[in-house]
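Given next are two forms of a protein chain, the same chain in both, each as structure tokens and marked structure 1 or structure 2.
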Structure 1
């Protein structure tokens, strides 16, 4: 009798431990959060300068525009599609925003605030319009999304190079620098001074939009329909869901978020570099590593945002650990492969 009681008491702690571990590592978001905290703690212990407020601002704000663009990419991939033109679109819209605010031909009666407002708003509208065009080709003309967006990637690159001639955009007015503002800076709470310094406008937009989109995709009929279309388009159609409307909505919203990210990217410095870095790779990496299945149907925007922060943290950590930053690309590629492989294994187990 005593041996039976002892066996039961030994099993109970083990089951409790396994339950805790399943809770912690049961979702991609939890895994990313744990890895992020451990990485910051390790690098901070190795080099205390990593935990300085200025560096923490760069860690959380540096990829904020990538995280915001990943919100729209999450919707697109959840529906079973992909957009590889987001990087070129973001740079193009950033250039458009800077060109609008530095244009000298406005009538004299138009106030500067209105010009700045136009330069912030129009890229978002243009982004939504281009998203609608891409969505039309994908949904109504039945052209694969990767083909359509590859075409737009080339078109946008060509337009950007021809129009800009590789020149930088400078001379923006002071009020234009939206990304350099701090929404809570005027509040007098000394105990939260470091936090207010870290809460830049890109971080504020990232957190606010993440919460809004997460709730919308979880509780709204359209948000839930995106998962249904990505999981099984035929079953969704038979249940009365319009695949055309849902996919169009995903691409339009993707364009909106790319427009917002472009404005934040354009306003974070006093110079807009008209270059074409592989931003689309960073956005897709954040989305996929964040737990959004490349096959569609699963994933959350919270995971995508956490993955974007983690990717930027890795980039900064390599510098403080005296490791070549060129390892960043290799680490990103490895993270994509591991995440996709884990997703495929999970789907296979579910099918069995």
Structure 2
């Protein structure tokens, strides 16, 4: 609701908008942050239970795996491509991780820690590999990304169902549960110990990876080249950037982040099973609501992560506000639309 008021106020002539507001709405990231804070404050005001620590942790942790996958999606979209196979890939890699850790055929000298390590890392490697295959099709064979990933969506889903046959995976060792939503144990924090303990692993991963990727995309030559390729491929080529290499990198890294998200997803639960919700739509939505332009060239991972958190906050907020569950999806769609419109209007104003 908060975002509606913001849009309206932004529609007034520019002279009335104070300089403070202009700074606040200077970027999609700050718009999202303000909307997020206002929404949390509003819901907290009408139902104080919303502000309880446990719920706040769930608000931030619930979509951590979506946010982490959105990091890779940001790179793919920034280079002017898209990947709609991420949902199938994530579920496949989650099952793979669970299958690896519960596999009984390892040689007996292999310590449990090594097995757990394999089941954490191998899905990420496989993710990178599949990303590389997709990238190869897109760059060297010049098949549009939407066609390749539409194909991979079907292929991965079909293979997954053929192999898994509806089996569930249970009985993972305790050490495997990396991302459970409980207070952290066995870690030492020099300051704010209680606060950090509450944060849970998924939030740590999300924040840490977001910072790393944001800095990398801003300051590393490859990261900057991604924006260049998406913004103007011709100019990028003239300035000596290898478009193929950059797009390849984007797809491989996308596979890596989907792999990480998959491992976090798998290690969150005591049961791993194939359920195939359209996660790709949630990930793409988070990315574009975060201000990443589908035309390529602009947008940051900070926006994508904030948007993922916002999407989860909206879902939970509607329950806390006692909105009829029949209308929640309509309101979610509406809020997505309003946020996207706000971003577009802001950009057009800045361009004027």
Partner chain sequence: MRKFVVLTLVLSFILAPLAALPAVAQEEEKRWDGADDLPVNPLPCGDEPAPEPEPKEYDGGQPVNPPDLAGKEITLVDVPKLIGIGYFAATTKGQQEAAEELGNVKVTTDAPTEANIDEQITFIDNYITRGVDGILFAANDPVAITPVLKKALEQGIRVVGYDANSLPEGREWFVNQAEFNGIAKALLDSLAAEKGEDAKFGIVTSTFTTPNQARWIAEMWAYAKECHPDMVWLETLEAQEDYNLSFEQANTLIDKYGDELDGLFGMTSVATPAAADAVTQAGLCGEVAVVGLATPNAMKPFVNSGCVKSVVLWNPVDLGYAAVYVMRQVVDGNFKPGDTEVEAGRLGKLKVVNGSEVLLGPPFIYTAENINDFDF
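Residue numbers count along the first chain shown, from 1. In this text the structure is predicted, and so the values were computed from the model without any measurement. Between two forms, the rigid core is the largest collection of C-alphas that superpose within 1.5 Å.
As summarised for this chain, the first structure is the form predicted on its own, and the second is not.
Interdomain rotation between structure 1 and structure 2 (smaller rigid part relative to larger, C-alpha based, rounded to whole degrees) is 14°. On rigid-core superposition between structure 1 and structure 2, the C-alpha of residue 334 is found to move 3.9 angstrom.
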